[in-house]
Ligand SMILES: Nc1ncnc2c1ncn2[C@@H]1O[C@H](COP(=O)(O)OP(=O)(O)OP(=O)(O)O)[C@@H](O)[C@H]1O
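Let's start with one chain on its own, the form predicted on its own, as structure tokens.
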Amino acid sequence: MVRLEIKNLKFSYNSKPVLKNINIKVSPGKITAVIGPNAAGKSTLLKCIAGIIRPEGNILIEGKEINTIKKDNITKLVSYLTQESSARAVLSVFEVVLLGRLHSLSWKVDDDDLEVVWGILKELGIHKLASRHFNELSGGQRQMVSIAQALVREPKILLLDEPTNNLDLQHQLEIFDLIRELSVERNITTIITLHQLNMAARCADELVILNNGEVYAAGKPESVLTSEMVRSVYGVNARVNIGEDDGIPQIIPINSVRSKRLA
């Protein structure tokens, strides 16, 4: 079953092409990581899927063209976490996460919404922050709260743009393990943008490599994370080792292709 399909997607900023003929199919219950160098078009792709910007081409959710789906219904289906989180709002952590339930909230907040919010706070281990003001938190804590807000919507499609920014290694691993668990349990189609290749190899079922606004390669991590790809896309000479126990590729950088020092 394909939940999300992108056909011949194109997008330009001020006549400058950013995305060119993107074709992707993503199934539920899996994590797809979109990777690539700076300005490759990763964040723009997520904004197109979330309906924030209007590209050329087709985006189909469960076979329906996104332009034919009401905006309120898209909000119910798709949850999008941006890289930016505002720290100016004078709201408690609980209130910030509760805002993620806007699609189901009426004038009166019911017990189900409160239980869902409290449950996700506990799952992320941040329930002790519930009464703290969001603008008093550290960058890493705010990022955790933003992730909770994205997950609390119980979406069909989860879009996370660099979700582990500001998080230490322990919390990065915990977040990715939780996202994987929820994606499988709730049959969520999850797309993540990442800069860290080794983290992408560990956490994703499928990788999409963007370069200059185009899909350079797509597939299983072990098939697309190659020395040739790293050199061509990132301009880095690297060695790729495949784990004997888990089969997960590991990128070991050697030097820049512009370096005078020989590899």
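Keep in mind it's a predicted model, so treat the numbers as computed, not measured. Residue numbers run from 1 along the displayed sequence.
Unshown form predicted in complex with this ligand; subsequent notes refer to it.
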- Would you please decide whether residue 237 lies within 4.5 angstroms of this ligand in the predicted complex, comparing each non-hydrogen atom pair? no
- in the predicted complex, residue 9 touching this ligand (heavy atom, 4.5 Å): no
- Taking heavy atoms only, is residue 162 within 4.5 angstroms of this ligand in the predicted complex? yes
- Does residue 38 make contact with this ligand in the predicted complex, using a 4.5 Å heavy atom cut-off? yes
- Which one of 73, 187, 83, 135 is close to this ligand in the predicted complex, taking close to mean a heavy atom within 4.5 Å? 83
- Counting non-hydrogen atoms within 4.5 angstroms of this ligand in the predicted complex, say which of 54, 195, 64, 220 makes the cut. 195
- Message: Heavy atoms within 4.5 Å of this ligand in the predicted complex: which stretch in 40-48, 196-204, 65-73, 225-233 meets that?
- Response: 40-48
- Task: Within 4.5 Å of this ligand in the predicted complex, which residues of 16-31 have a heavy atom? Give them in sequence order, or say none.
- Result: 16, 18
